[in-house]
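First structure 1, then structure 2: two forms of the same chain, each alone, as structure tokens.
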Structure 1
């Protein structure tokens, strides 16, 4: 089996998908689609064509899975449903509050085209989602806790960069240590969104931009910053390039629960990630999901799916026999 994979969008995430696809034994990267002038794009793969999105119709029968690499704020809600009619698609849409409506739009388009669309794949939503579902199933009498960071949120950084007057921006999500310690110790605290995390933003402004207005827009942005204590720093481009070019991230998922006739036994499930490169790790998840999307569509399935709908074995390069022998 060789999966013909294409990438749409060539930012940090698109480059990560290119690296992950080239490392996979069962994946052939066949094209990189861009909204920019293809001649201006320098990619890592020597023999992979860079193609304008205007020519994507000609590639419908040449691509098994299209991995769409764009921002969740404005790109993916439009682009994923648009191409889901013609391609099996995978995206990393990560605005949790809007996943139901995004699912509905992609489901409608994918079913019309007889394709598979897998949305919201990465580490949260994605790998963390799996951890939450498994832990809930095992400990039904309990509580869930999710912490992100300390690290760079690509989606939140992208949302800031789209504000008029912002030249560049990086946002760090920071867990509140006291809340993290209370959960890990099994105290089962009741925590508000604001009590679990803070957000710190470093912003480079365009010349003449209104800093006070931009800070207000950041702090009041729904689904991103409005529910958090947010600090905004305005810095020079020189300082940004010196101190804020990294893409590290990570986080924790906990499920605390009780078992026993009298609920006398306490349990804590903890799943954690520590990532040097948020986009490269997310991209690696996307390529594994693309493998599953290909397999599901080959079985005749269509419509929108999430990582929760995918059998674990469909994500792996290994055969069933190899999985049972080495990983079960």
Structure 2
């Protein structure tokens, strides 16, 4: 029996979910919902209907899980609770500080509808959260480190683009090798913000813009750049379009901790991701979670969940017997 999955929102993430759903043997993509005029949307899967969000009510009983693809700033806080009452939903809400309130809103709606809503799935929050929780449970006497990159920070790129005279910009967050090595060695270093990551910016200027002034403005921007060693490269639009449109990302989660009668033994747990496509990897997590959401709801569970509440086996298309025989 296949899981009938639908996508809401067809940007980079939605396309990634489409690809991941098609790659999963036990998942059938049954609909793509959009706020745009469905006729204007060209999707990869020719046989899948593209449907206006206005008609979603008619799909309540035809969809097992709805994967909601939208921005965390304004879209998901509204859309996920809205649909959580009628559908099992999965989202990638990633504003860490606002997770508790998003959880509460989705939990209320999901409970009312007898549905499952899984929020904040992807890699951080998501796989990195798992790495942190398992490692903390195992090594209570220890220290956590999370590094991001090398990858594009959308927020920092946007901040540069808002500067007058900037035509386009990409900002890469880069973990500092020396810091990674120090953590990996088990030395439990205290690391400042500056010691953990550097920031590299590629900027296309408007004609006549003052490069020196813009470089200064970037490097001194509070919160975004002032606490980091920042490099600024001014490049042509041609070079920008050729080399800086990729969506690679990744990062590292460490926990280092001690055990022993005299705390004489060090342990280093490291989890890392190196991703050619940030949205496609996030989408692949969402589809695995959609499988789990379907199963939990089949078992009669309802309410809001996160990846921390879900048995790992629920994410896999393999049975318990198969997992024990081959992957345990």
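Since this is a predicted model, take the numbers as computed values, not measurements. Residue numbers count along the first chain shown, from 1. C-alpha atoms forming the largest set that superposes within 1.5 Å between two forms make up the rigid core.
Only structure 2 of the pair represents the form predicted in complex with another copy of the chain. For residue 141, a C-alpha deviation below 2 angstroms is recorded between structure 1 and structure 2 after rigid-core alignment. With a cut-off of 2 Å and the rigid core superposed, residue 175 has a Cα displacement that reaches or exceeds the cut-off between structure 1 and structure 2. Once both forms are overlaid on the rigid core, the distance between the two CA positions of residue 252 between structure 1 and structure 2 is under 2 angstroms. The shift recorded for the CA atom of residue 191 between structure 1 and structure 2 is 3.7 Å, with superposition on the rigid core. Overlaying the rigid core between structure 1 and structure 2 leaves the Cα of residue 230 displaced by 7.8 angstrom.
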